[in-house]
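First, one chain by itself: the form predicted on its own, in structure tokens.
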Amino acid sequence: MADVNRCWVLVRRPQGRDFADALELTEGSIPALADGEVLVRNALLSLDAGTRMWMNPREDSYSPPTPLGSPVIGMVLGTVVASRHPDFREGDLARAYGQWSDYSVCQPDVAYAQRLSWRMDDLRQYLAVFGPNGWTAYLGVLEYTQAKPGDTFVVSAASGVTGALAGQIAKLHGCRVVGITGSRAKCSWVVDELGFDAAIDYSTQDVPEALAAACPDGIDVYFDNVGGEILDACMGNMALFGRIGICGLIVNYENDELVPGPYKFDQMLMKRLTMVGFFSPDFYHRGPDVDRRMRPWYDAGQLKMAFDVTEGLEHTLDAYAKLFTSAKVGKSLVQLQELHP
């Protein structure tokens, strides 16, 4: 075990995407464990746009803001190197809420942490298909929005991990799937590689017009990851009794103040729509069951995922910025070291 633990610390509230001025890479000693804690040597950091909310000072989020001077929190995958918790042993593979650091101190009785099997063909999938993103996609499609065979299903951020999985799951469930994403190359990926029926490039196309053309009978289900103008465009193209699932609001994350909208909220009444919000922490306990349901699709090659991997803890902020600039496809990870038993 190394003697030094490098850790990203939140020193100021970021303004927009100015992460370099807000976060600082510090060095310190590896923390000693208290009873009930586990020390994980991080191999992979999961980068998720929702963590941007925790950097804001707003108190009305689903999670309180990260105090200044504290480590940045996120999902990690790594090896247990020390444990003072009865359910974790040295050498275990663990996924947990940890820190953006070389080593994470995890508290399984306080925050999410789980032992995992080393027997997975691609261990990165514990942070993609068989992790919170996959659970959000599966339950968002089949339970929260109640997608049905024959529905027209639209998903934003379609080339991101949750959007890509949601679209594939909806397609496997018999829906007609349209993805909204940010480049021609990403449109090609979701259609040619993932099997979507159509894709819209919001950077070059008029989204309301493109939706009207791609969904002539209206949108039955809209799976929203971004909010803002895209949400308004979809609300204006919903079918009667359509359903909208909100699992991400990227346009809101960079703002300390409330963001106006949706401006087409009247469509909730005119189209008799249903809107529901959901976050993965609400159903972490259901993860193993959802994994079992998705495993046959994965084994048959019907759930695909691309990975955008950045090497080195020191490059975390470069990788994190990609989440907000349409500069990546699939799941964003920072790799600190190789994973092996």
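Predicted model, so just to flag it, every value in this text is computed and none were measured. Note that residue numbering follows the sequence shown and begins at 1.
The protein also exists as the form predicted together with a small molecule; that form is not presented, and the subsequent description refers to it.
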| property | result |
| --- | --- |
| Interface residue in the model of the complex among Cys247, Ala113, Met238, Ala199, criterion: non-hydrogen atom within 4.5 angstroms of the small molecule | Cys247 |
| Sole residue of Gly78, Gly242, Gly74, Gly163 within 4.5 Å of the small molecule in the model of the complex, by heavy atom | Gly163 |
| Proximity of Tyr298 to the small molecule in the model of the complex, heavy atoms at 4.5 Å | no |
| 4.5 angstroms heavy atom contact with the small molecule in the model of the complex for Leu10 | no |
| Non-hydrogen atom contact Ala157 with the small molecule in the model of the complex at 4.5 angstroms | yes |
| Partner contact for Ser104 in the model of the complex: the small molecule, 4.5 angstroms, heavy atom | no |
| Residue stretch of 87 to 95, 266 to 274, 130 to 138, 211 to 219 approaching the small molecule in the model of the complex, non-hydrogen atom distance within 4.5 Å | 130 to 138 |
| All of Gln168, His173 and Met294 with a heavy atom within 4.5 Å of the small molecule in the model of the complex | no |
